[in-house]
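Single chain ahead, by itself, as structure tokens, in the form predicted on its own.
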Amino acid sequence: MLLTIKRIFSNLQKDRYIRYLLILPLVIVLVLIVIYPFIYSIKISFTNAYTSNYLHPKFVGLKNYIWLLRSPKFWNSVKVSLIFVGIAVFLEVLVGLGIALLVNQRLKVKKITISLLLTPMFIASAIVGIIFRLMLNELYGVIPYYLTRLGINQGLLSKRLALFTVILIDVWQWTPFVFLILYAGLQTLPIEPLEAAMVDGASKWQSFRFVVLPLLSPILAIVVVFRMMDAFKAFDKIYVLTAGGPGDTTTTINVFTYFQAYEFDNFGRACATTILFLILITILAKISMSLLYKSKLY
């Protein structure tokens, strides 16, 4: 029996088509859950698809795209998304790098510290939204209570501060991810350049600026790209916490798309929004990669 199985595997290894056979299930799954829905979304974006006529929508050409490009609310959602992603990713990388450098020192309770730091990352985003919605409630929330005791009566979910509050919550949740990657990167850095810098009389700041940061820059570039990709997808936490309000102050493109599809029952415009969003992300990714190559980060 064993000889028969070995003979079968030996014959399979000699077959040049086996590599294609092995990846076929993955290709089928990819087509079903990614490629087909994407092509179907493009098709729907050129129609007036509603719930009532979803199976047989009417072709309207570029009408949905023209409406979006003329819509101030769409461009406001683009602006909100860019502000949210830009500030959140910047703060997450800055704070995550600082914590990683601090924990990288010899701490007696390092394992416990790392475990506590990683906790927010493992909480579902919708649950994070619910938790902070309760904590920020103006009637019984714990955060407004202590702010009032300090003489601060400004609501954190007011029109003026709502977006900044959402950004800080995202920073609280996803800084641990940045910390984890950068801390792992610090653990892999060679010790010889740092020792040479110390022998030459370099200060801690000089060692970090001219030795650690250049060595860590490829990992920093990866972290920035990963967090940008994920931050652009943020929806559940924002929707649960503010539902895009007050007004349109926290209406990102994802929230705007949700409103078009499920509040206004216009799937054509919703799909057109996702296509424009994809084009925007592709352009930003291209610019980011070009900047990374020019700066010789990796």
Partner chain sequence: MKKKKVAASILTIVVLIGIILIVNIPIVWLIMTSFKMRPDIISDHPVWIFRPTLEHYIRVLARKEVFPVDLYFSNSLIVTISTTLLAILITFPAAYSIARFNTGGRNLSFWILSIRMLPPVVFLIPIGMLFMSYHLLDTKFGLIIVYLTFNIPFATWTLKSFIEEIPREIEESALIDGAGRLGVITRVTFPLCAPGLVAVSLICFIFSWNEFLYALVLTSLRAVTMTVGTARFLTGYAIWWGDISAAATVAMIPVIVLGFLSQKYLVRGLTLGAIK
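Just so we're clear, the structure is a prediction, and the values are computed from it rather than from any experiment. Residue numbers count along the first chain shown, from 1.
The protein also exists as the form predicted in complex with its partner chain; that form is not presented, and the subsequent description refers to it.
With the partner omitted from this view, the residue of Leu94, Leu82, Ala196, Leu118 that lies near its partner chain in the model of the complex is Leu118 [heavy atom within 4.5 Å]. Site annotation in the model of the complex: the residue of Phe164, Trp75, Phe208, Phe226 reaching within 4.5 Å of its partner chain with a heavy atom is Phe226. Using a 4.5 angstroms threshold between heavy atoms, Thr113 counts as touching its partner chain in the model of the complex. Within 4.5 Å of any heavy atom of its partner chain in the model of the complex lies no heavy atom of Val212.
Contact check for Ile35: a heavy atom falls within 4.5 Å of its partner chain in the model of the complex. Interface residue remark: Ile66 is not counted as part of the site for its partner chain in the model of the complex, having no heavy atom within 4.5 Å.
Taken together, the three residues Phe90, Ile169 and Ile191 all stay farther than 4.5 Å from its partner chain in the model of the complex, as judged by their closest heavy atom. The partner is not shown here, but in the model of the complex the stretch 41 to 57 reaches within 4.5 angstroms of its partner chain through a heavy atom at Ser41, Ile44, Ala49, Tyr54, Leu55.
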